[in-house]
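Next up is one chain by itself, shown in structure tokens, the form predicted on its own.
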């Protein structure tokens, strides 16, 4: 944990300042220690250079659903499957980065100097890539994967945090942008996640809030895959992970067959990446589906002035040929879903 991370962090319970109570390591790069709430809500450990700002570390009691322990365990198992240097969801981080800039509506020059929250950072590779572009990035994840991410993706502009988006451990008005892809719909309440982070945006016209969510599925999916998902959610991680490795070759062969028959355009993946994708489908405790109009209503109520659905169509004439190709690949590997970009927030500090 870099000491200047405290410029952005706050108590997840009351939102007040945190102070460094005790630490091991040099004054600027803290490997372990304790950060405390100025109002006395609780003391939070710094473990493996990552502050653990979870609400269960305080004295108050919360419902198990709010603490999301099952979700934490399942995604911890998922990111333990990942091997650094391999693709994520079938794409390299170099391929994903232009898509993210397209989603935020920024160029590489635009994002330099911005403070960005990566809400649900997973393996941390995207967070690291954004930091390399000159952004200051705060990367939060509920899972234990955030500790591996800190080991493999270190950067002086990158701060990793273990936290719960229901209880965001951030000061008000500190972020120029919030980016979250495929995360909120795995919380007990998607809308609650969205609303909880709004106050952390800066009170300025340039503030941006992007989320990507699952859209509602087909009747065929609901009749076939949904029952399987409901069954596998009950399996403990030590059983589900091996099952996903067993299913990976079957899923890959089926995907390539459907592509060859022209029924769908699935991108090919390594068996490990396919196993992770299968786990991502079968493991989450909560999976919610939404529409653009539904989420647009949330954004309007939160005070955003501009709300746009992200266009992933590779036919857009204004795009470079390279980005069009990436968007086409991105669409082929992503589940049905949509991106929404909210701008012009008046609700910051």
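Everything quoted here is computed from the prediction, not taken from an experiment. Positions refer to the first chain, counted from 1.
The same protein has a further form, the form predicted in complex with a small molecule, not shown here; the description that follows concerns it.
The small molecule in the predicted bound form is not approached by residue 173, whose heavy atoms all lie more than 4.5 angstroms from it. Proximity of residue 130 to the small molecule in the predicted bound form: non-hydrogen atoms within 4.5 Å are absent; the residue sits far from the partner. Of the heavy atoms in residue 200, none are within 4.5 Å of the small molecule in the predicted bound form.
In the predicted bound form, none of the heavy atoms of residue 206 sits within 4.5 Å of a heavy atom of the small molecule. Proximity of 36, 47 and 52 to the small molecule in the predicted bound form is absent: no residue of the three has a non-hydrogen atom within 4.5 angstroms. The partner is absent here, but in the predicted bound form a heavy atom of 79, alone among 106, 210, 79, 147, sits within 4.5 Å of the small molecule. Though the small molecule is absent from this view, in the predicted bound form it lies within 4.5 Å of a heavy atom of just one residue from 71, 278, 157, 87, which is 71.
Only one of 249 to 257, 88 to 96, 225 to 233, 108 to 116 places residue heavy atoms within 4.5 angstroms of the small molecule in the predicted bound form, namely 88 to 96.
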